[in-house]
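In the block that follows, a single chain appears as structure tokens, in the form predicted on its own.
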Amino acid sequence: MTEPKEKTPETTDHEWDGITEFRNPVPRIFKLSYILTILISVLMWVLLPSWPGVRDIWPGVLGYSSRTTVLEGVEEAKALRQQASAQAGARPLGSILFADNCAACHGYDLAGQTGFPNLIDAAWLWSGTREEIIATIRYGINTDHPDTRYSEMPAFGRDGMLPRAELEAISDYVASLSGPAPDHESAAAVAFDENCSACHGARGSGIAGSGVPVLDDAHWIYGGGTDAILETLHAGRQGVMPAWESRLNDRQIEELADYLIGAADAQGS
């Protein structure tokens, strides 16, 4: 019995390094996937914004717009905020603005934390008048705003202006200023007068509205212990507060200032 001859597969006549390419059909599943992809693309072109026109793009049958979706979300957020404000009752708008924008640094209780001033004590760097608080909120401290407030403590140790021993003596003297009996006749007091009183005032009593902390009270931004004071003398300080003019409008800034004044008055400061 004669065995059937094996059928020679058809080739494309292409050969690479002895490897011949057969002329096999594309699997049906791939053909179907390709055709389905084209159909879906055409459908999306019809339903959604796609082809550019002379003045605008084809809007799509569904009329979908991501910009419209975003704007609707913004309006919804505004409505929710107005509702929350209305439900707050006696809670002023200033307290909501403070919680949203200021509490992360100054604390929800306004009592501050290391590096961020307490806002309900009696100490104000630029005085606690309404106008000065508004200006600080509006322009910030040490920002790139042209009307910013400037406040910077030199690095007496790091920049080699005073030796370590003298810095340690001054830090002990500054720590004693809020105590019952500081020695104003000591060598450290003389060094303080020569290097620090121009900004902090004689014996640390401060210069009103200068943006420089008073040193003879119990209010400290970076800590009133000798180690913290020594670190301040050695490395300097430059606190930064944002300028809120670009984020809050005039009414919001005024509401926030009034809230801070009311909170401070409630604490009896």
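In this text, all values refer to a predicted model and were calculated from it rather than measured experimentally. Numbers follow the displayed sequence, beginning with 1.
The next section is about a form of this same protein that is not shown, the form predicted in complex with heme C.
Only one of 23-31, 60-68, 36-44, 208-216 places residue heavy atoms within 4.5 angstroms of heme C in the model of the complex, namely 208-216.
Taking non-hydrogen atoms only, G179 never approaches heme C to within 4.5 angstroms in the model of the complex. In the model of the complex, heme C sits beyond 4.5 Å of every heavy atom of E168. Residue contact with heme C in the model of the complex: F116 places a heavy atom within 4.5 Å of it.
At a distance threshold of 4.5 angstroms between non-hydrogen atoms, P49 is out of contact with heme C in the model of the complex. Within 4.5 angstroms of heme C in the model of the complex, the stretch 219-239 places a non-hydrogen atom from each of H219, W220, I221, Y222, G223, I229, T232, L233, R237, Q238, G239, taken in sequence order.
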